[in-house]
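Let's start with one chain on its own, the form predicted alone, as C-alpha cells.
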C-alpha cells in the first residue's frame, strides 16, 4: 500500500486499483446477487420483527466527502511544515454520516471515523442505513450478536440484501447486545469492495456498555489507520488517528487530575500498531501493568486509569515509521 497500484479481488475478479481508479465503473461489473435482486423488486423496506429489549435506533448514510487529513499543514510535535513531504492533502474519501429519525436532516457532517454507536447490554441496536455512494456498501458490526441476514457482509451468490446495499437504497440492520457482548468494538463496510472502501473511510466506533460499570469522566475513541497513495493522490503515506495525521491535527485529548479516563482504541488498516501514551500506564485484565499495547487489523480494546500526572503528553504508535508519518497526538492534563 506504500504507492502504485494494489491488486484487489472484487467479487471474485482481480483488478488493479490506484488513486485514479473509477470505483463506480468497477462496481457496475459486479453481478447483483439473486437475493438482492429479489429484494430490489420489492419496494418495501426490510423491517425487523419482534425486537426484544430496549430499542436503540440510528439513521446512518454512507456518502462521498472531501476530507483533509492535515488541515493545519504542520506537525506540532516537530514544529515543521509537511507541505514538501506530503504535498496536497485534500482528498475525496467515503464516510458515514449520522441523521435524525427517518433521514429527516443530518445531525452533523460526514466524518472519518463515522458516528459512535453507543448502546448498553440488553439493548437491541437498530441501524437504518442508506447508501449514496456509487458502489454497493454495507455496515458490519463487531462484538454484537446478529442473525445471518443481518451480517452486513458480501458472500457472492449467497449474499443477503444487507450485504449489498446499492446506491439510493436503504437497509435496516438489527443487532442484539446480550450479556457477554459488552466491550469496545467497531463497525465497517463489508461489501464487495470492502478493503478499498474501508481504506477510503467507511468505519466507526461501537461500544456496548456494562450497565454495572460507572461511566468515565473523560472518554475517547481512537481509530489507527492510514491514507495511502494507492487510494488517494498523495506523495506519501499518512499514518492517521481518527482521520487526521500529525500532532496538532489528530485529536487533542484533555483531562484533569482526578478524572476517570477511558480510551477505546481500534485498528483499521493492514498494519500492526502500538498504543503508547507518555507518562501513563494501565492494568490489563490479567493484572499486568502496560504502557505500550500491540494490536492488529480490526483489533479493539479499552484502557482506563484515574488521572494523576499533569502535563502536555504525547500519545502515538510506536512503530517508528508510523510515528514519523503522522500517527501521534497531544494528551493534555490540567
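Positions refer to the first chain, counted from 1. Between two forms, the rigid core is defined as the largest C-alpha subset superposing within 1.5 Å. Since the model is a prediction, treat every value here as computed from it, not as a measurement.
Form predicted in complex with a further copy of the same chain: not shown, discussed below.
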{"property": "Heavy atom of residue 155 within 4.5 Å of a further copy of the same chain in the predicted bound form", "result": "yes"}
{"property": "Close approach of residue 296 to a further copy of the same chain in the predicted bound form, 4.5 Å, heavy atom", "result": "yes"}
{"property": "Partner proximity in the predicted bound form: residue 289 to a further copy of the same chain, non-hydrogen atom cutoff 4.5 Å", "result": "yes"}
{"property": "Contact flag, residue 279 vs a further copy of the same chain in the predicted bound form, heavy atom cut 4.5 Å", "result": "yes"}
{"property": "Contact stretch among 128-136, 252-260, 84-92, 111-119 - heavy atom within 4.5 Å of a further copy of the same chain in the predicted bound form", "result": "84-92"}
{"property": "Three-residue site 20, 123 and 167 fully in contact with a further copy of the same chain in the predicted bound form at 4.5 Å by heavy atom", "result": "no"}
{"property": "In the predicted bound form, the one of 209, 142, 72, 218 near a further copy of the same chain [non-hydrogen atom within 4.5 angstroms]", "result": "142"}
{"property": "Residues in 171-202 with any heavy atom within 4.5 Å of a further copy of the same chain in the predicted bound form", "result": "180, 181, 182, 185, 188, 190, 192, 194, 195, 198, 199"}
{"property": "Rigid core fit then residue 13 CA moved by 2 Å or more between this form and the one not shown", "result": "yes"}
